[in-house]
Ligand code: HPA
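In structure tokens, one chain follows: the form predicted on its own.
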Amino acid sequence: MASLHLEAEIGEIAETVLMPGDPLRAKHVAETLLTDAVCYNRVRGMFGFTGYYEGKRVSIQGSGMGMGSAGIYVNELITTYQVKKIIRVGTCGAIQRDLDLGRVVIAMSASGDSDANSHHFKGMHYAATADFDLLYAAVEAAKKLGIPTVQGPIFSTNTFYDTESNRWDVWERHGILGVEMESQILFTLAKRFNVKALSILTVSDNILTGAASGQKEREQSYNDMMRIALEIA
């Protein structure tokens, strides 16, 4: 039985899912890093694959951009396909001036501006946090692989473009490392359904300094992030 947005049959999706926003990244990772990868979803072009990494069965599923889209796939993966671990792999814009391009960020928590969370918690502020066991495993895996990482809080926004000046000043002062668009809803739904979730992100640009990495640099740092995620899958 398929869900509304995924055509996979029960059993075709592994208990651990890596979730990039871009479905073409899911396709690229499946084709280059997994063995015996099989495509289980093409609905709306949101590719999903299941294969093996060093003998471990793992799926990789695109989520689209933003918390609305990500929330749909997270919900269906958990409630229909009984997924137990979801690891977001994506990019973020740094809002700390000393955070280098290409650095891998392992998110401990995700603040944000999601209307969904405001609705669910009746205007109160929920602290959306990663699973500690996954976070600890990711840090240890990165050390083993020799990949430098930084751990800390991030911010998930539903607004990619805005005209508000100095929007990130207060978040910079309170230690937020970077901005992306999906982790807050992932962490919230994971806690609601009692599954494990983590976000591993690559710094693709620095919002404060204007620095941005090129395509080649993004590919290399993205591979570093994926190696960490696959190690703990």
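Note that residue numbering begins at 1 and tracks the sequence as displayed. Model, not experiment: these values are computed from the prediction.
The discussion below concerns the form predicted together with the ligand, not included here.
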Checklist entry - Taking heavy atoms and a 4.5 Å cut-off, does Pro153 contact the ligand in the predicted complex? => result no
Next on the checklist: Since only the chain is shown here, I'm wondering whether Gly93 would be in contact with the ligand in the predicted complex (any heavy atom pair within 4.5 Å).
Outcome noted: yes
Checklist entry - If you check in the predicted complex, is Phe160 within 4.5 Å of the ligand, heavy atoms only? => result yes
Item to check | Partner contact for Glu172 in the predicted complex: the ligand, 4.5 angstroms, heavy atom | outcome: no
Next on the checklist: Using a 4.5 Å heavy atom cut-off, which of 178 to 186, 43 to 51, 191 to 199, 23 to 31 contacts the ligand in the predicted complex?
Outcome noted: 178 to 186
Next on the checklist: Pick out the residues of 198 to 213 whose heavy atoms come within 4.5 Å of the ligand in the predicted complex.
Outcome noted: Ser204, Asp205, Ile207
